[in-house]
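Subsequent text provides structure tokens for two forms of one protein chain, presented individually as structure 1 and structure 2.
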Structure 1
């Protein structure tokens, strides 16, 4: 106990030095926490944008659909399957889809398109489809019309209230044909999607493809993406092995790869930050050791065991690092929450590009508690590793040499 008391008193014998050390740790925790929370926040936002763009967090298909995306690999829309999915924790919304390709024709032109049969209300909950409507009305499940992506309408040279004729192959080779009034136009940021999507209510799509009661996927949205894999496993267990349960990471491996690459790049930046922190703390330790060399020699001379002296210096280092860590942690919490509520906004052309894709042009922070703890812990470990330097010096201390002036 007296060692802790003495260490505490020693901390304040040179206030400036201690405050510099504490400040180094404080800013280290603050900066690394903000950097990490921004990194994770940006990635979380990217995932949120991407999954709410089309794929959802999880999709349930008939086994083998992902390999061969054909109508023949559709499955019966069954409330028992839906209930089984819903029974997993963390499920927010489930939206059924029936997807298939067809030719879309106007008076003079024919283009290929992707037909997506949806329950518009549930689809809107997951992908925010209503927000993409630029003209016309948003469909409901009893409608008989369709919504076209703006680019497709342009390519077909048709507009609202015109009729689009669809022809293609339905379930099990049946001929699929029909004509539908255009009720609304949707805008997608991705030119690839904007040029080919056609939404229709699920019953209309099932009728068109002669696929009554059939769907190709359940698209699932979650309350939190933190338990993505656990939820997928839970769902998989509930619905059995005739279905495949795929997370967005499996559905969009390119995005996953991009996040991993970017995350690794950020680790290099963080490594540089940690290195700066390392040398910041080390320089104050060096100063302290030089300043107190004589005193250390004297303490050993009068009979203080080196193990006690090591304890004293370790306690001083731990106290310094702890104060800095706790202060940095306390200061970073409101700052990170503020940046979550009022995220950094991206400006200029980048912002426009983001908005075109329906993404929010912001850099939000993540407020996951693990970020605060991991960063504080990382700096604490750096501090503790550095405190081995005084330990090393004490172990090698020769009191006669130390007391030479």
Structure 2
């Protein structure tokens, strides 16, 4: 106990030196926490954008649909299956879809499109479809009109209240044909989606494709994506082996690979950051030991055991690192939450490139508690390892040499 009291008094004998040492640890924790929260926040925002485009977090299909995405691989909408999915924990919203391809025509132009029959209210809760409406009205289940993506409408040279003619192949080879008024235009960030999507209410799509009561998928939104794979496994057990349950990672493997590659690159950057932190803390310890060289030599010369001196300096180093870590942790919390609410925004051509592929040109932070604890712990470990340096210097200390000026 006396060691701690003496170490505490020694720390504040030279306030400037102690504050510099504490500041090195403080800014190390602050910097590493912000860097890690930005990294995770960007990836979380990327996943949110990908999911809100189209896929949802999880999709449930008839077994084999992902390999052959045909109307013949659709299945009957069943409240028991929906209830079984909903019974899994972490399920927020379930939306049915019927998807198929057709030719969309205006007076003189024709373009292939992807028709998506949806329940507009549930679809909006998963993909935020209403927010993509640039003109017109958002559909409901009683409507008989359609909503076109803006790029598709431009290619067909049609606008609101014009009629689009659809021709395609329905369920089991039936002829699918019909004409529908354009009730709204949607804008998607991705050029691929913006040039080919056509939304219609699910009952209208089922009638068009002669697929009454049939759907091609249930799209599922979650309360939290941290339990994505566990939730998918739970859903799979609940509904049986005649259905396939696929996460967004399986539906979009390229995006997952992109995140993994970027994450590995960030580990290299983080390694460099920890190296800078290491030398930053070490430089303050080195300065402290040089300043106290005479003091250490005198203490040993008047009879203080080196073992006691080691305990004293080790305690001082641990206290310095602990103070810096706690202060850095406390300071980083409001800063990270502020950057979460008011994320870093980029502009110019870079922002346009992001938006062209449907991603928000922002860098938000993640507020996961594990980030704060892990980064504070990482810096604490670095600090504690470096605390062995004063121990080494005391053990190798020659009192006579140390007291020479």
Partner chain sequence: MPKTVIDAHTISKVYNPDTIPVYAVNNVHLHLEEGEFTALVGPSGSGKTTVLNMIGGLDKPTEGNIYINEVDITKLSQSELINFRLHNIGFVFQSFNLIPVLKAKENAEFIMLLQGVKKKEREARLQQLFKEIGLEDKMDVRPAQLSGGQQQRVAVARALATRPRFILADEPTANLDSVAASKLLDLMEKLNREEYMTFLFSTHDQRVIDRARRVITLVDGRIASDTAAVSTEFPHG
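Between two forms, the rigid core is the largest collection of C-alphas that superpose within 1.5 Å. Residue numbers count along the first chain shown, from 1. Here the structure is a predicted model, which is why all the values come from computation and not from measurement.
Undergrad: I want to make sure I have the labels right. Is the form predicted alone structure 1, or is it structure 2?
TA: That would be structure 2, which is the form predicted alone.
Undergrad: Core superposed first: is there a CA shift of 2 Å or greater at residue 280 between the two structures?
TA: After core superposition, the displacement of the residue 280 C-alpha between the two structures reaches the 2 Å mark, so yes.
Undergrad: Comparing between the two structures on the rigid core: C-alpha of residue 309 shifted by 2 Å or more?
TA: Shift of 2 Å or more: yes.
Undergrad: Would you say whether residue 72 is displaced between the two structures, judging by a C-alpha shift of 2 Å or more on the superposed rigid core?
TA: Comparing the forms between the two structures, which are aligned on their rigid core, residue 72 does not shift its C-alpha by 2 Å or more.
Undergrad: Rigid core superposed, I'd like the Cα shift of residue 296 between the two structures in Å.
TA: Between its two positions, the C-alpha of residue 296 lies 7.5 Å apart after core fitting.
Undergrad: For residue 387, give the CA shift between the two structures in Å, the superposition being done on the rigid core.
TA: Once the two forms are fitted on their core, the shift reads 3.9 Å.
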